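Encoded as structure tokens, the following chain is the form predicted on its own, with no partner shown.
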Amino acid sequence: MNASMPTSLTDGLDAIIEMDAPLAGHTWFGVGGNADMLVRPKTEAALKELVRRCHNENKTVRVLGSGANLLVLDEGVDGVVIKLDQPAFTQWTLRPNGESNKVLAPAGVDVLKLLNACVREGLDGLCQMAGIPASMGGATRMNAGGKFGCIGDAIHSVATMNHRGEVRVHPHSAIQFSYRHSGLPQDLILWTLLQLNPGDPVALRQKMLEIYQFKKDSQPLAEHSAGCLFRNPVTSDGTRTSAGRLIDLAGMKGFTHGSAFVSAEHANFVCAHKAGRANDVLELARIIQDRVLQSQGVNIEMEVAVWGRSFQPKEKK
């Protein structure tokens, strides 16, 4: 046991526990270092006890979803990483308590699997998520989406758990969803209740496939990336412009730095070669930011979360 990780954190806990756990395989970039401790609780009660113990021991807690919007630096991360991939957190309920057109999705649910299930059931409202890999918790936290809409469009309410293990339910009207953002507190997301609409399964499947094909034709989905690396910035007139276009205009499409490179298909996708360095990705991101600022006069901010023991976000200029 790592001396900095006391046994009191996990003694008797109903969970799968791994010390010095490699995280690269848990992320879409496929690179990066280890976590001091990776814990996969088997029940909500175990999760509640874990977060309480971490708070009492003053240990940092991070929640790992599908890893589709995450860069773990080569130095790894301290504290406890929680992954909600056990059945208690990955099994959704269609029409809970007989409520028509609603779906209860715990935080570990695979959004794309849920989308397919909803389409088969004739439930409309998630097709905008086609081609966007995410866990329900992660998608809810960042209001994931794109050209065709966001997950927040379909959310009825969200339950969060604080460091004392207390659960609070937030109605949609109190969350204030916006571009790549939700107004939720920085507590752990426990579940999301979706409000969907009745639809024809055949028409919904066609809609889902068309959206997926659009993304497949314009994005390097087969590469090791985390999707769009940067948020689309707001221009002086208050509208958003494409970060990918700005990066392309800065002459960065196809640019390589160490084991990382800017996709030749979509300039807002930064990819990593297999067995590459996570730090190359971060360094390339900062090069891109500098080039776009110099050539276009626009600050672009990273959309992807970065984890590292000593990581400090770049200061805005």
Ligand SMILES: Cc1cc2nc3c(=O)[nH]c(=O)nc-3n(C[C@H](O)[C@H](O)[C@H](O)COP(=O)(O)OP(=O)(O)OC[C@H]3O[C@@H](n4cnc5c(N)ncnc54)[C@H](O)[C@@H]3O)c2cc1C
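Note that residue numbering follows the sequence shown and begins at 1. Just so it is clear, the model here is predicted, and its values are computed rather than measured.
As for the form predicted in complex with the named molecule, it is not shown, yet the points below apply to it.
- From the list 142-150, 194-202, 167-175, 91-99, the contact stretch for the named molecule in the model of the complex under a 4.5 Å heavy atom rule is 142-150.
- In the model of the complex, none of the heavy atoms of Asn268 sits within 4.5 Å of a heavy atom of the named molecule.
- Using a 4.5 angstroms threshold between heavy atoms, Gln219 counts as touching the named molecule in the model of the complex.
- Among heavy atoms of Ser182, none comes within 4.5 Å of the named molecule in the model of the complex.
- Not displayed here, the named molecule is approached by Ser66 to within 4.5 Å at the level of heavy atoms in the model of the complex.
- Interface residue among Val31, Leu70, Ala285, Val262 relative to the named molecule in the model of the complex, by the heavy atom within 4.5 Å criterion: Leu70.
- This chain lacks the partner; the member of Gly122, Gly79, Pro133, Pro233 within 4.5 angstroms of the named molecule in the model of the complex by a non-hydrogen atom is Pro133.
- Contact annotation for 196-215: a single residue, Lys215, has a non-hydrogen atom within 4.5 angstroms of the named molecule in the model of the complex.
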